[in-house]
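Below you'll find only one chain, the form predicted alone, shown as structure tokens.
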Amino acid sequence: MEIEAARYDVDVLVCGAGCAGLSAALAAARNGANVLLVEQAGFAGGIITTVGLPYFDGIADLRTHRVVVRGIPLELLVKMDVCPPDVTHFPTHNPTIDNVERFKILADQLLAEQPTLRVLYHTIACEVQLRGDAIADVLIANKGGLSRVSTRIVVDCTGDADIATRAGAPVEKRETLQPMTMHFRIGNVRRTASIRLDCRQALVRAQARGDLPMFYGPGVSFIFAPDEVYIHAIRVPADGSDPEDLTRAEIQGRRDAWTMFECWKREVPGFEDSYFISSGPFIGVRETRRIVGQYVLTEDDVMTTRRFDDAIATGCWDLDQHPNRTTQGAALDHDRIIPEPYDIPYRSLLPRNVANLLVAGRCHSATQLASSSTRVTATAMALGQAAGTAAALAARSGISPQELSGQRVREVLVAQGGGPVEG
């Protein structure tokens, strides 16, 4: 029986169109590669659009607010009218976009501008076929059935190292993972001076009654409109690489979001005439699998600002590890551990045992604690740009990403306005 609906033959296949994958696909196409980008959602943007997180965390030094990530992440902020192209500092350490739907449109437009880039939404990369130590084909599934993609280079931006795992590259995953968060929005809210404290106290009471398993913060922000609150407060322990556990987390997250809304509408001044706008549509996943790559970035590397000759991006976010319990008033149960801007090496994008694979985003090669810093939006975009650039360079030269010089990748990134920050 014929099971394959179509065949694709490309230079570079990018799996996942989140923060890392969007940048990877754009970078690969802009560097001359014939690219196919596949994404399980109906739009690109990852946590920004599938979860609703509007923050560009990791683009600026947490202490000085100096811009330390440029390239595609900064381009996106400029095109969202957040800042001018020559910006050197932001008013805050994590600038935000004011419209998630507009960001979806921007991502579509940028992808469509590349004549050598093809996009398949509602598509998942589900299996790989190896030839020796290289991926020969990737099977993708969508409404057309199963299709085969023959490709020179694969960039795994799935967040969960799905392709690396299927290809037999070594990965690791902690037994206890950081909790997931379902973000949501509530409209027609009247802002009061004590609204954040009132919301917190109401959640404390809800938890004491047994209505709410756990929460953090809550983060209550008027980012999108003066009468609309954006909430990050849900905390669901689960494994996002386990389909049954992920389903359970989505269900729990939605239930907890509605519980919070009803609690506030009933008990908090300002919410009397409010209405629930939306959640998700996906729950936010902080960590699952990470590759064990050619180099494993450590928390010591991060905190001592170790320099690497093959640095391809700069990280700056704190060691942001959420606990699986309630933390009132904040996300963490300890003081923030904030590094100086640090290097992320090209080798942390290279898995072991698979010759033609790059990995970018939160599943790149780093220890659990180091990855709690590198996993954030702007840093993931920078890693994606590096991986996409490297994929195009390798495909053009007829070599594997492992054979490609990290210094060469860095030179090209810098020439194109990206790469690691100096100093």
Ligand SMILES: Cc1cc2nc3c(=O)[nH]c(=O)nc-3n(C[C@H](O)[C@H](O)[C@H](O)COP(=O)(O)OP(=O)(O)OC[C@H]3O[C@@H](n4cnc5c(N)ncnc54)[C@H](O)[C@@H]3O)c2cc1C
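Sequential numbering from 1, following the sequence displayed. This one's a predicted model, so the numbers in the text were calculated from it and none came from an experiment.
Note that the form predicted in complex with the named molecule isn't included here; everything after this is about it.
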Problem - Stretch from 359 to 367, 65 to 73, 391 to 399, 24 to 32 whose residues place a heavy atom within 4.5 Å of the named molecule in the predicted complex - result: 359 to 367
Practice task
Note which of T165, T123, Q252, S147 lies within 4.5 Å of the named molecule in the predicted complex, where distance is taken over heavy atoms; exactly one does.
Solution key: T123
Handout entry: The single option of A60, V376, V354, L36 touching the named molecule in the predicted complex, heavy atom within 4.5 Å
Key = V376
Practice task
Examine T181 and determine whether its closest non-hydrogen atom to the named molecule in the predicted complex is within 4.5 angstroms.
Solution key: yes
Handout entry: 4.5 Å heavy atom contact, A17 and the named molecule in the predicted complex
Key = yes
Problem - Proximity of G315 to the named molecule in the predicted complex, heavy atoms at 4.5 Å - result: no
Practice task
Please check if G159 has a heavy atom lying within 4.5 Å of any heavy atom of the named molecule in the predicted complex.
Solution key: yes
Handout entry: Residues of stretch 237 to 259 in contact with the named molecule in the predicted complex (4.5 Å, non-hydrogen atom)
Key = none
